[in-house]
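Here we start with a single chain on its own, the form predicted on its own, put down as structure tokens.
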């Protein structure tokens, strides 16, 4: 598995997982409700910048994350300019990027073990109700943690594919990109499943 967490002693690293989750949820909710409010987006982006600086990751890590999202920017921008106004496209793009960068910051500053334990503590009181559906706080927290980790992992796979294509002088095409990305993602899922099975997780 690709290590994404960057150890540190900043206030952001020490912040409880629940508080980080709540902040990202509120930021995403605010960005969805106040879709075209520039002040709301400005506050969220200020939070993104402050988070990367205060966490010790620095502007370099933020720029690296933005570079990884360049194709997402392209995918969101081109259809937006066709079907929406430039202003609506800009609002949509900045809203999505801000939330994705917050999620990436969460992954970079939070150890997976902390994510699991935080989710378990939050959901443990609901275990009797969850058991009726064959679920448990441990299973849900594990699934949530794996989902969060999968986003930057798949983005890193995409970057590897593009670098390999660039080294070979290949032009990016959907077929040449999607197929290896699908294979790498499935292989990663299989390795993750084997690692979980080896630890007794079914």
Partner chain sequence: MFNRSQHQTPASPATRSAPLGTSSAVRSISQMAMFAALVAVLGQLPAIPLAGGVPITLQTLGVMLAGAVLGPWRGAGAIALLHLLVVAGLPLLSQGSGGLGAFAGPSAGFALGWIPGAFVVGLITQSSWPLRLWRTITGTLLGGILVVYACGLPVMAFQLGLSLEQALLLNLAFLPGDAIKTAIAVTLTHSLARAYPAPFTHARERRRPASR
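Residue numbers count along the first chain shown, from 1. Rigid core here is just the name for the largest C-alpha set that superposes within 1.5 Å across the two forms. Nothing here was measured: the structure is a model prediction, and the numbers come from that model.
Keep in mind that the form predicted in complex with the partner chain is missing from the display, and what follows is about it.
Engineer: Residue 197: heavy atom within 4.5 Å of the partner chain in the predicted bound form?
Structural biologist: Taking the distances in the predicted bound form, the answer for residue 197 is yes, it comes within 4.5 Å of the partner chain.
Engineer: In the predicted bound form, does residue 185 come within 4.5 Å of the partner chain, counting heavy atoms only?
Structural biologist: Although the partner chain is absent here, residue 185 would touch it in the predicted bound form, with heavy atoms inside 4.5 Å.
Engineer: Can you work out whether residue 169 and the partner chain are in contact in the predicted bound form, taking contact to mean some heavy atom pair no more than 4.5 Å apart?
Structural biologist: Residue 169: no, not in contact with the partner chain in the predicted bound form.
Engineer: I'd like to know if residue 154 sits close to the partner chain in the predicted bound form, meaning any non-hydrogen atom pair within 4.5 angstroms.
Structural biologist: Output for residue 154 is yes: heavy atoms within 4.5 Å of the partner chain.
Engineer: Would the partner chain in the predicted bound form be within 4.5 angstroms of a non-hydrogen atom of every residue among 50, 64 and 121?
Structural biologist: Verified in the predicted bound form; spot residues all out of contact, no.
Engineer: In sequence order, which positions of 124-161 have a non-hydrogen atom within 4.5 Å of the partner chain in the predicted bound form?
Structural biologist: Read in sequence order, the residues that approach the partner chain (within 4.5 Å, in the predicted bound form) are 133, 135, 139, 140, 142, 143, 144, 146, 147, 148, 150, 151, 154, 155, 158, 160, 161.
Engineer: Is it true that residue 130 shifts between the shown form and the other one by 2 Å or more at the Cα, once the core is aligned?
Structural biologist: It does shift by 2 Å or more.
Engineer: Superposing on the rigid core, do we see a C-alpha displacement of 2 Å or more at residue 184 between the shown form and the other one?
Structural biologist: Residue 184 C-alpha, core-superposed: shift of 2 Å or more.
Engineer: When the two forms are laid on each other by their rigid core, does residue 88 show a Cα shift of 2 Å or more between the shown form and the other one?
Structural biologist: Where the cores coincide, residue 88 shows only a C-alpha shift between the shown form and the other one that is less than 2 Å.
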